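Coming up is one lone chain in structure tokens, specifically the form predicted alone.
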């Protein structure tokens, strides 16, 4: 059986690896955490010692890495993937911004390796269920070659023909998502301070014009129950918002909302660090002396 390479098995990469194995794919896995790589590889794991070793053993390699620097290191660093003898197509599921995507694509092109910029959205729940939105930019033939793999983890959409366009769309999506979560945290804390029931507030928001992904999913699933276990670190969402701010700055876009959301998540990252991004509600609760919690209403229990 032809192996598929996978580099990076964090909160997103691990459930994607499981789905790929369950679909019958044999994986060649690399992660700096060897035990995590073995877990991702299944009962008889094929674990590579370096990105280059993955490139020596698989024609198609998926990347799921947390930062632009991590992607650079894997792609072109010592024993990097670009030095692999077998790899022909790299599908980058990471969120790294348009500039780095173009830089990495050029480095792979010099080695005769095609690169698809393919960031995902949907969080850990989407990775577990195979419902991720996959925003692919690159050549149509490359997309068609990768499509069977991408359809295992979600819904791939070809959004452009040049690396960086998928990244641009993902950053805009995450800007909207980050805005909704930060704003909902403040609205919920203020409502509780005014004596409103948080479950009732969510029910009303969700049949009204304030409905968003935080009110329908994140708060019922991870905030009202105080689990804060949605599966995405605050520092990583700040990284995405900061990349979007840099993207806007590159066009000299004078956007006040984007700047304000960047500041909000900069503060959240400084105070919350690696805590789950739903913990941003704590920053809204503290000055008001309230806790946004309790048993979700009947409507919201169905979502959580």
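Numbering follows the first chain given and starts at 1. This structure is a prediction, so every number in the text was calculated from the model and none was measured.
The form predicted together with nicotinamide-adenine-dinucleotide (NAD) is left out here; the points below concern that form.
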- prompt: With the partner left out here, if you bring back nicotinamide-adenine-dinucleotide (NAD) in the predicted complex, are 2, 4 and 54 all within 4.5 Å of it by some heavy atom?
  reply: no
- line: Here the chain appears without its partner; judged in the predicted complex, the stretch of 221 to 229, 183 to 191, 140 to 148, 119 to 127 with heavy atoms within 4.5 Å of nicotinamide-adenine-dinucleotide (NAD) is 119 to 127
message: Please identify the residue among 270, 32, 257, 253 with any heavy atom within 4.5 Å of nicotinamide-adenine-dinucleotide (NAD) in the predicted complex.
response: 32
- request: Counting non-hydrogen atoms within 4.5 angstroms of nicotinamide-adenine-dinucleotide (NAD) in the predicted complex, say which of 9, 284, 20, 292 makes the cut.
  value: 9
message: Can you tell me if residue 248 lies within 4.5 angstroms of nicotinamide-adenine-dinucleotide (NAD) in the predicted complex, counting non-hydrogen atoms only?
response: no
message: Taking nicotinamide-adenine-dinucleotide (NAD) as it sits in the predicted complex, is residue 66 near enough to touch it, meaning that at least one heavy atom pair lies within 4.5 angstroms?
response: yes
query: Is there a heavy atom of residue 236 no more than 4.5 Å from a heavy atom of nicotinamide-adenine-dinucleotide (NAD) in the predicted complex?
result: yes
query: Is there any non-hydrogen atom of residue 46 lying within 4.5 Å of nicotinamide-adenine-dinucleotide (NAD) in the predicted complex?
result: no
Members of 243 to 273 lying within 4.5 angstroms of nicotinamide-adenine-dinucleotide (NAD), judged by heavy atom, in the predicted complex: none
